[in-house]
Ligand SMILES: Nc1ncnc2c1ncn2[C@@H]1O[C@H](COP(=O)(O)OP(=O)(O)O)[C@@H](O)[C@H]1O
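First comes one chain, alone, set out as C-alpha cells in the form predicted on its own.
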Amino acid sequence: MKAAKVVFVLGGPGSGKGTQCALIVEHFGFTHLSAGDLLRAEIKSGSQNGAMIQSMIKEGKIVPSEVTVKLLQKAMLSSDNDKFLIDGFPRNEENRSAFELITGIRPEFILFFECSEKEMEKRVLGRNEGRIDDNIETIKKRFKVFIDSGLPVLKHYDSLGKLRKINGDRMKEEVFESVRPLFTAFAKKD
C-alpha cells in the first residue's frame, strides 16, 4: 500500500469532481475511486453496514471514517494500478487522519474544485442519476456539511503546500486545461 500514489479530489456536490476524474483517468492512467460510489455499492450489497450507510447518507451525514477508509483500502488493494484519484474524500479531519493512519499513505496533493453553490445546485438537480441524495433538501445539507467539515481539511493540506485549487464554475474542457498541468508534472515523478 505504501507505494501507492494518491490524489484526493475534493469539492462540493456538483463541483465537477467525477467529470474531471474521468478525464484524468483517460489521459493519465489513474484509477478513480469515488468514496460515494463505494458507499452506494455497499448499500446495494444489502449488508448491515450498507443499511447504516444508507440511513446516514439519506440524512446528509458523514459515514464513519473507518467504514469509508476500509472500503477505499479494499478497492486499492484489489487494483493492479498504483495511482489513485480518491474522489469526495476526506470529508473531515477525522477522515483525513483515519486514512493516513489505516493505510499509511499521505496524498501527493489535493485537487480542490471551487464552484459556486448556485452552479453546484444547478448541476446536481440536472444530473438525474437517481441518487437518493440528489434532492434540494439533502443538497442544502450536503453543502453545509461540506463547508463546515471540509474547510479544516483544506486548511491542513494548504499548510503543507499540497492544496491545488481549480475554478470549477467553467465548462469541463476549460477546467481540464487547468487540471492537466498538475498531472503532467505528477506523471513525470513516476
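From 1 onward, residues are counted along the sequence shown. As the structure is a prediction and not an experimental result, all values here were calculated from the model.
From this point on, the text means the form predicted together with this ligand, which you will not see here.
In the predicted bound form, residue 123 approaches this ligand with a heavy atom inside 4.5 Å. In the predicted bound form, this ligand sits within 4.5 Å of a heavy atom of residue 19. Shown alone here, residue 127 lies within 4.5 Å of this ligand in the predicted bound form, counting heavy atoms only.
In the predicted bound form, no heavy atom of residue 180 sits within 4.5 Å of this ligand. Taking this ligand as it sits in the predicted bound form, the stretch 160-174 comes within 4.5 angstroms of it through a non-hydrogen atom at 168, 170, 171, 172.
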